[in-house]
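What follows is a single chain, given as structure tokens, in the form predicted on its own.
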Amino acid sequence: MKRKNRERINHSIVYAVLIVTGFLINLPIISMMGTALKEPSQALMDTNLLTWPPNFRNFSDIFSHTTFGRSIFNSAFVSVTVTVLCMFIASLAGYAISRFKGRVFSWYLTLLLVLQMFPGVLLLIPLFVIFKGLGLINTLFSVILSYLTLNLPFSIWMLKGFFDTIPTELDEAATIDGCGPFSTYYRIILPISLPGLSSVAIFTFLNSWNEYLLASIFLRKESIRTITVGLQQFVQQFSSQWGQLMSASTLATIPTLIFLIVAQKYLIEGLTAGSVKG
């Protein structure tokens, strides 16, 4: 009995520490949501973390008096487009590198690793010059192409590691049944690669949704700004609309939280499956 009581006390202490730690880590998010539900006049004067009753005026104001709703649509369009294209291209490249051996593919893998060493900020000026020459500045296609280029190397590496864990006997059996390389990839390999594809989708979507630097350079028109650039309209030169800013930030955070909660099982499974071979 004493041992069971001691275990219960230890478990209670561990849970209490985890709850307090979780609260402290998420305190900025809780404060952001609490400020979003306050009256505009309370945002600076009220020091309480939460207020009651909650007020949703800030949320209605950002849709009725600003273009932030359009920014949400632009970010969703860009992020989904980049995610779908990245999954398709990276899965093809990862499968090819995993199954077809040779010096060319070894060099390509090395090149992908080298590309990961360069910070994205070095690409700002070259990309701006190229996009300006092509007339792509102030178009969503410029950020779609940029995000796709930046996310592809990591996505290919991840899916290549995942495809390495799939036995090649499945490919051989499909070949005996009359499937070609692409048919084997589409009919056999792709359906069992959902965890790896989900991991790529999560990383690509979050990177595209949260990216600010490239979007702030390439998207100057108010009608095509993404959500990270659209938050700037609430920060003015001499004052900031804190209630609306926190409401807009809350709306920008909710989709990523929902996406992570829904897909976290596939994310963990995909990362662990691609970390070892055999």
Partner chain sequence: MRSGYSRNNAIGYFFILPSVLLILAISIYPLLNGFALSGMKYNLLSPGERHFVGLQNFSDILFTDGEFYGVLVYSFVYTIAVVALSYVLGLALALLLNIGIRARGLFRAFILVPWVVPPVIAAVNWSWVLNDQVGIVNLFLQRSGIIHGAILFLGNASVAQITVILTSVWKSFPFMMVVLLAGLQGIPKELYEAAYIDGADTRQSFWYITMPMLKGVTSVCTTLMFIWTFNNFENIYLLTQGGPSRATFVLPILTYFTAFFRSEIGYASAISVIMLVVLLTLSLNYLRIFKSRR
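For the two forms, the rigid core is made up of the largest set of C-alpha atoms that agree within 1.5 Å on superposition. Numbering follows the first chain given and starts at 1. Since the structure is predicted, the reported quantities are computational estimates derived from the model, not experimental observations.
There is also a form predicted in complex with its partner chain; it is not shown, and the following applies to it.
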| query | finding |
| --- | --- |
| Partner proximity in the predicted complex: residue 78 to its partner chain, non-hydrogen atom cutoff 4.5 Å | no |
| Heavy atom of residue 73 within 4.5 Å of its partner chain in the predicted complex | no |
| 4.5 Å heavy atom contact, residue 149 to its partner chain in the predicted complex | yes |
| Residue contact check: residue 55 to its partner chain in the predicted complex, 4.5 Å heavy atom | no |
| Stretch 131-157 - residues with a heavy atom within 4.5 Å of its partner chain in the predicted complex | 131, 145, 148, 149, 152, 154, 156, 157 |
| Residue 67: Cα shift of 2 Å or greater between the shown form and the other one (core-aligned) | no |
| Core superposition between the shown form and the other one, C-alpha change of residue 26 at least 2 Å | yes |
